[in-house]
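For reference, the chain that follows is the form predicted on its own, supplied as structure tokens.
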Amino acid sequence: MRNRSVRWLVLALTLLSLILTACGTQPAAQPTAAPAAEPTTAPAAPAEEFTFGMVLVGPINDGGWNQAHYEGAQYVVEKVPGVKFIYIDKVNPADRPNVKVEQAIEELIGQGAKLIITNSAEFADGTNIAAAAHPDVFFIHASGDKVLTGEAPPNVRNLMGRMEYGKMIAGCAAALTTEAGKLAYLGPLIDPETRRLVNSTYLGARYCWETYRGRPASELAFKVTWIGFWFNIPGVTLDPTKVANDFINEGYDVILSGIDTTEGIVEANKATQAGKRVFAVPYDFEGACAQGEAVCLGVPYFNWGPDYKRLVELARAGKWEPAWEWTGPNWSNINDPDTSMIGFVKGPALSAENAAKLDEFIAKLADGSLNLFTGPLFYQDGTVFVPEGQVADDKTIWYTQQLLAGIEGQSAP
């Protein structure tokens, strides 16, 4: 028994030795570090939604003035997080004969708008009435000057683009292209804005006619017919389709439009398809050449988006101040969608040779070597608009009183 016990003891000691040896070969367990805590940041509270509204005189798809404003608002929505856009369009005597602009504004404010844009000169008084009644709401009146004259409440700003440059470029393109030496201007109503735009078009045309065509100004015919409003109102205005066709029948071979809609280019395109050679320069909206690419020399257009974005951000930040702004092109790139209020898109009907001349003309405007509002300039009745050797200042141009000598058409309603 003893020997068996000894053997069991030896066996037990051997097993214990093996176990201890095995344990001794394992690395000591290392403490496991707790995972590093992720920095915790409370989720940012979403910025309060900022609603801005727009009252438009015409439809948002007019291919002109109103569509340009509408797309400017869409630019703001795309570029500025947390904004909402609402609108009421066609606020005019034909589409909404019993609706005043201040009523449309009240509707938008009732829907939560904290900034309102109104886009017609005829909306000036209604905008100011609404602004006075709602001092906590911000207002942009596009094309007006009541801030300049001191008549606007402090929550109003005026904004307009210096389309005079776009119209000079348009006039140059027309003068470079015309074969008959006859340019027609399809005008809206008569006021200082429309007079200065017609004059700018004529000045651009006259300069390019003389400089690049080598022809005297006396051989250039330039006629404007006013329809009476920014677009056709049956029974109230002249029919722009008929006016455009009258131009064509009288031998005018370039129609430059100053109205909000596309009748000028549409009729020029029809006439060309019928065998005549007529060109067109539409207005307001960058994509207007699409109505007649074969006859389109180009389009001077407004790009409201960047300025609307800036002003929405000012209003939202509570940094609003009254101001009258007359914004020009970004001359380093007049078609930059993020910086230039005024642009000009060359049309397919503009020849490569004339496009090069137009570029030269634009470069002169851009570097300041050419200022077409340099005197002597005379009104139709022979009175002096800008004296010889002088350059018209902004107020002189803004409050243009007549059409210039050399233009056929009415200066007053």
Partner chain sequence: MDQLWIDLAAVLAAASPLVIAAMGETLSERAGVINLSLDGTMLLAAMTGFAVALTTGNLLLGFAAAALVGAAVATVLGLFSLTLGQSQTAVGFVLALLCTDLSSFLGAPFVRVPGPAVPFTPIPVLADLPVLGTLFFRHDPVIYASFLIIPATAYLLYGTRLGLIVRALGERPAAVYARGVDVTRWRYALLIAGGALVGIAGAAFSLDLKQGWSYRHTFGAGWIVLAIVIFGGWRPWRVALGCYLFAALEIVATRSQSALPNFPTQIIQVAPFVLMIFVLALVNLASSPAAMRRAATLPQIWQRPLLGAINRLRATAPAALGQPFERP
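Positions refer to the first chain, counted from 1. Everything numeric here is computed off the predicted structure, so don't read it as measured data.
The following text describes the form predicted together with its partner chain, which does not appear among the structures shown.
Participant: Taking heavy atoms only, is Trp226 within 4.5 angstroms of its partner chain in the model of the complex?
Facilitator: Trp226: contacts its partner chain in the model of the complex.
Participant: Please run the contact check for Asn155 against its partner chain in the model of the complex: heavy atoms, 4.5 angstroms, yes or no?
Facilitator: So Asn155 does not count as contacting its partner chain.
Participant: Would you check, heavy atoms only and a 4.5 Å threshold, whether Lys90 touches its partner chain in the model of the complex?
Facilitator: Lys90: contacts its partner chain in the model of the complex.
Participant: Heavy atoms within 4.5 Å of its partner chain in the model of the complex: does Ala317 have any?
Facilitator: Output for Ala317 is no: heavy atoms all beyond 4.5 Å of its partner chain.
Participant: I need the one stretch from 202-210, 304-312, 249-257, 70-78 whose residues put non-hydrogen atoms within 4.5 angstroms of its partner chain in the model of the complex.
Facilitator: Looking at the other structure, the answer is 249-257.
Participant: Check for me whether its partner chain, as it appears in the model of the complex, comes within 4.5 angstroms of all of Asp62, Asn232 and Thr237 - heavy atoms only.
Facilitator: Yes: Asp62, Asn232 and Thr237 each sit within 4.5 Å of its partner chain in the model of the complex.
Participant: Considering non-hydrogen atoms and a 4.5 Å limit, which listed residue (Met160, Leu220, Ala113, Val243) is close to its partner chain in the model of the complex?
Facilitator: None of the other options qualify; the answer is Val243.
Participant: Which one of Val137, Val266, Val83, Ile342 is close to its partner chain in the model of the complex, taking close to mean a heavy atom within 4.5 Å?
Facilitator: So the residue touching its partner chain in the model of the complex, by this definition, is Val266.
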